[in-house]
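The chain below stands alone and is given in structure tokens; this is the form predicted on its own.
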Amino acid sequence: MAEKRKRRRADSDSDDESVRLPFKNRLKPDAAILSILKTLTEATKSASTSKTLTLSDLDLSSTCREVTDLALSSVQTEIQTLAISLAKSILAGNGFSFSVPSRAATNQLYVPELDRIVLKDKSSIRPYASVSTVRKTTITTRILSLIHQLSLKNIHVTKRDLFYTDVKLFQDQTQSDAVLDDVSCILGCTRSSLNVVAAEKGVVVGRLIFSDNGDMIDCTKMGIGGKAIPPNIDRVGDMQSDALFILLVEKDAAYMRLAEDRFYNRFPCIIVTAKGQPDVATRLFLRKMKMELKLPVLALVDSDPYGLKILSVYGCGSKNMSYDSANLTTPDIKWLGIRPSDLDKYKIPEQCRLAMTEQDIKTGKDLLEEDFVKKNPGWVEELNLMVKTKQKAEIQALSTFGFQYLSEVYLPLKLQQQDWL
């Protein structure tokens, strides 16, 4: 009799757990999921042995422009050569102007073979002797002068440092930042080559060891907060890992949950986030991990148009920095979640879903017109569902089933079912 009561209590506890943690009973043992992940990792490593296509390999109808990493001595030479040509123009009585590659939306091209956005080779003239461009030409000259100083001293500064060298001229940091990108295009070098970096933003935790300016960093021993991604990618080297995949997370809150639960120990992985909009350092770091470790990258973003935009910036590049997409994009990122179809599939309660605003819907429809979205039928299907239902949800909506539902049930089940796009 006592034995029967124990069995009934155990069955009752099991039923309660299935209600609290829906779909947990569908999970297979971790060993089975790890076997699936190993197969994915092996397939990724096999695919990475093939030659990577570049712009020069393609016969495109439009001429495109790409920048390269330049040594400091080469940056100095480029600036000095430009200064001499400007001086000759002034002495000849022609004044001076800059030929600046256009970074307008109409000068961008999505190349399906490369699966990234590139910059077409169209330029505009920025003359000093013009009321409409005199100020921007002055800012361009000032930025070139500052970059030349940095290259001579071989030091790095942040974009904020650069702005504060002449606040009255720049007026707003967005103006000095924009001209900095123009200068990269003019000189034909990556922004990293200019020794100007953004402040630290992204973080990484999990099964990764790398050298940061000579110091070996073990990302399993960085606590919950993880290791800040170095703003200067040149400092990073000697990457080692026994991870099976890289988990790219949009939000800091989801990252903290996974880090605290030590998700990377249960399923060997590297977890990285830029805490929202991707910054250059995180994009460079993610690409370096992908190319050197040859691991699959799975993305966890919000189920809204902006989550997909963030994912596309990592994978296909941003229009603002399309001139450097070869160095900033990470190929073949798989969309793991949260997807619009997951809201019903995982029975997310209505009170945890949000109504899309008119701007959200417009952004979603605009994304459906993008070539990089059209190329992936799965993305089109999910976006159409989102726009049709006019519902969105954040990763944190899963917390309705428990704060650890993300790490204990949702992600393991996604990995088990190989449910990614």
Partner chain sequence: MDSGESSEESPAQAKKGKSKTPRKPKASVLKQKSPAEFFAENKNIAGFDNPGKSLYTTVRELVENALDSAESIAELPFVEVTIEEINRTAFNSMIGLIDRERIDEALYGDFETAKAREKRLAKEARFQETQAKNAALGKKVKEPTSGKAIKGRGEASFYRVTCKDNGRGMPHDDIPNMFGRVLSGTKYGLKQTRGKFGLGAKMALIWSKMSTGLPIEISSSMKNQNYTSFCRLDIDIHRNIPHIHLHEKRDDKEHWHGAEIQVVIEGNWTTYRSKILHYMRQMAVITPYAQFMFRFISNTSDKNVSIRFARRTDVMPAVPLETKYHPSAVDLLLIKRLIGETSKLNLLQFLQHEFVNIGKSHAERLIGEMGPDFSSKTPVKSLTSQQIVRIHQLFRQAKFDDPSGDCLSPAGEYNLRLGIIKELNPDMVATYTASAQVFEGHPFIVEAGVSLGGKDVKQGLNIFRFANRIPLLFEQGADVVTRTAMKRINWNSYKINQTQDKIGVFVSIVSTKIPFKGTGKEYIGDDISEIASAVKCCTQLKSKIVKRIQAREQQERKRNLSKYIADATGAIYGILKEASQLHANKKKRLEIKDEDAELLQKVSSRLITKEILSEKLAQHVEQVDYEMAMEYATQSGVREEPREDIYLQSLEPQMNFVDFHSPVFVFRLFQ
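Here the structure is a predicted model, which means the values were calculated and not measured. Positions refer to the first chain, counted from 1.
Beyond what is shown, the protein has a form predicted together with its partner chain; the following relates to that form.
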*asked:* I'd like to know whether residue 209 contacts its partner chain in the predicted bound form, with contact meaning heavy atoms within 4.5 angstroms.
replied: no
query = Does residue 130 reach its partner chain in the predicted bound form, with heavy atoms at most 4.5 Å apart?
reply = yes
For residue 148, is any heavy atom within 4.5 Å of its partner chain in the predicted bound form, or not?
yes
Original post:
Looking in the predicted bound form, any heavy atom of residue 225 within 4.5 Å of its partner chain?
Top reply: no
If we test each of 138, 102, 320, 232 for a heavy atom within 4.5 Å of its partner chain in the predicted bound form, the one that passes is 138
As a check of understanding, the residue in 198, 239, 253, 83 with any heavy atom within 4.5 Å of its partner chain in the predicted bound form should be identified as 83
Given 327-335, 270-278, 283-291, 139-147, the stretch touching its partner chain in the predicted bound form at heavy atoms within 4.5 Å is 139-147
Within 84-104, the residues having any heavy atom within 4.5 Å of its partner chain in the predicted bound form are 84, 86, 87, 88, 90, 91, 93, 94, 95, 96
